[in-house]
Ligand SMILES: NC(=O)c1ccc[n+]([C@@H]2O[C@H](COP(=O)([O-])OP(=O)(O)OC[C@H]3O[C@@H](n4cnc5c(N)ncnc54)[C@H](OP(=O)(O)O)[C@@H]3O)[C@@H](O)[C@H]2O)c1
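The chain below stands alone, shown as C-alpha cells; this is the form predicted on its own.
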C-alpha cells in the first residue's frame, strides 16, 4: 500500500457515505470531504444533527444503526446508488468497568447492539452500493482497544470486547467481498472527542486527515487489514 503522508496528497473520492456523522469523527469526515468537493451522503439520529448536515450541502438521512427497520429504510433510500467510500463510524462507549467487573446488562446490550449488531446489519446493505470493479472501500471505525494481540490491560473491557467483535465481523466481510471491494478496520488514534477526552493526542482534524490519506492509498491487497490511522498495521 502506498499511503500519502500529508493531507495535501489526499485524492477525494467522488461519492462518500458516512454512517454516524452527528458529531466527532463522523462530522469531521463530512467536513473534510465536503471541503474537497466530494458528494457526501451522511446519517444521524437527531433532527438537529440532520439539519446541520443539510446546511453543509450533504444529503442527510435519519438512521439508528440498532434498528432493523431504520436500516431497511436506509437500504431503500440508497437503492441504485454507488459510493467510492462507505464509512461506518457509529458507535458508543458506555460503562468503564475493568475486568473482571461485569458490565450492567443495559450497558452490554446498548454497546453490543450499536458497535457490533449495527455494522453487521449495515454490511449487507452497503456492500452492493460500492462502485464496481473492486475499487470501492468499506471501512469501519474500530479501535486498537479491540486488538487482542496488542492488548496490555483489561480496562474498559466492554468497549474492548465490542471492538474486537466488530473487527471479527469486518474480517468476515472482507472474505465475502474479496475481489469486489476493499474492507478495512481503522483505528482513528486517541482523539480529542467527547469519547476520547481533552487529554487525547490528536485533534479530530488531524485524525480524519490521516485516515482519509490511508483510505485514498488502499488497493486490493489491503482487503481485510486492521490499520492505524496513519496506515501502519495493527495486530488483531
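All figures in this text were calculated on a predicted structure; none of them were measured in a lab. Numbering follows the first chain given and starts at 1.
What follows is about the form predicted together with the named molecule, which we do not show.
With a 4.5 Å heavy atom cut-off, would you call residue 228 a contact of the named molecule in the model of the complex?
Looking in the model of the complex, residue contacts with the named molecule do not include residue 228, since no heavy atom lies within 4.5 Å.
Looking at the partner-bound form in the model of the complex, is residue 15 within 4.5 Å of the named molecule by any heavy atom?
Residue 15 lies outside the contact set for the named molecule.
Given that the partner is absent here, does residue 83 sit within 4.5 Å of the named molecule in the model of the complex, heavy atoms only?
Contact check for residue 83: no, nothing within 4.5 Å of the named molecule in the model of the complex.
May I ask you to check whether residue 34 falls inside a 4.5 Å heavy atom distance of the named molecule in the model of the complex?
No - in the model of the complex, heavy atoms of residue 34 and the named molecule never come within 4.5 Å of each other.
Looking at 150-158, 73-81, 137-145, 100-108, which stretch has residues with any non-hydrogen atom within 4.5 Å of the named molecule in the model of the complex?
Only one stretch qualifies here: 137-145.
Candidate from 131, 123, 164, 92 lying within 4.5 Å of the named molecule in the model of the complex - any heavy atom
Of the listed residues, the single hit is 92.
At a 4.5 angstroms cut-off on non-hydrogen atoms, which residues of 161-200 are near the named molecule in the model of the complex? List them in order.
Heavy-atom contacts within 4.5 Å come from 163, 187, 188, 189, 190, 191, 193, 194, 195, 196.
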